[in-house]
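Consider the single chain below, provided in structure tokens and representing the form predicted alone.
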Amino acid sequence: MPGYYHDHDLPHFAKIGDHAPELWRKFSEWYGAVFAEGALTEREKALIALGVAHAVQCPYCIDAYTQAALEKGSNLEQMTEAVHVASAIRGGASLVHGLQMRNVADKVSM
């Protein structure tokens, strides 16, 4: 069964702006500014993006930022570590929401 996501779609990302060109222009300018060299290097930003891509489970972003991280000089060890960091944060965020569950359970149990 074919998957929902297709790697050949990624190069066509800009087409999402065809019917809202001004919004796409603004997004593109902001996006470009975010990923430009600043307090963080472009390589560091690509690693962050790769970790976030895994946390939000976006296959297009995983493809794009795997390539970007490699192009910016990251290696597989660094990229894998970034994925583990993102996974730990995502797992911890799920667990900490258990406090909400406990708070509700305590209220109901009273």
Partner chain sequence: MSLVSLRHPLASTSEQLRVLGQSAARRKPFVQALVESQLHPLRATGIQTLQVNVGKLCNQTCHHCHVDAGPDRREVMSRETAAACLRILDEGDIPTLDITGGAPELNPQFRYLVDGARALGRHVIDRCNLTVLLLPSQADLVDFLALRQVEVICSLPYFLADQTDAQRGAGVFDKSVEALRLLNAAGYSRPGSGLLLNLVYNPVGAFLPPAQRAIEADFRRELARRHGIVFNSLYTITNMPISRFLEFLLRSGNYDRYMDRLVNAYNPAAAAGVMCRTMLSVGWDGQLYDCDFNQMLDLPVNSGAPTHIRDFRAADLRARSITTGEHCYGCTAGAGSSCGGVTAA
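Numbering follows the first chain given and starts at 1. Bear in mind that the values here come from a model prediction, so they are computed numbers and not experimental data.
Below, we turn to the form predicted in complex with its partner chain, even though it does not appear here.
When contacts are judged by a 4.5 Å heavy atom cut-off, E71 counts as touching its partner chain in the model of the complex. The closest non-hydrogen atom of E29 lies beyond 4.5 Å of its partner chain in the model of the complex. At least one heavy atom of Q67 is located within 4.5 Å of its partner chain in the model of the complex. Mapping the unseen interface onto this chain, D63 counts among the residues with a heavy atom inside 4.5 Å of its partner chain in the model of the complex.
Of the residues L40, V56, L76, A33, just one reaches its partner chain in the model of the complex with a heavy atom at 4.5 Å or closer; this is L76.
Residues from 83 to 110 do not approach its partner chain in the model of the complex: none has a non-hydrogen atom within 4.5 Å of it.
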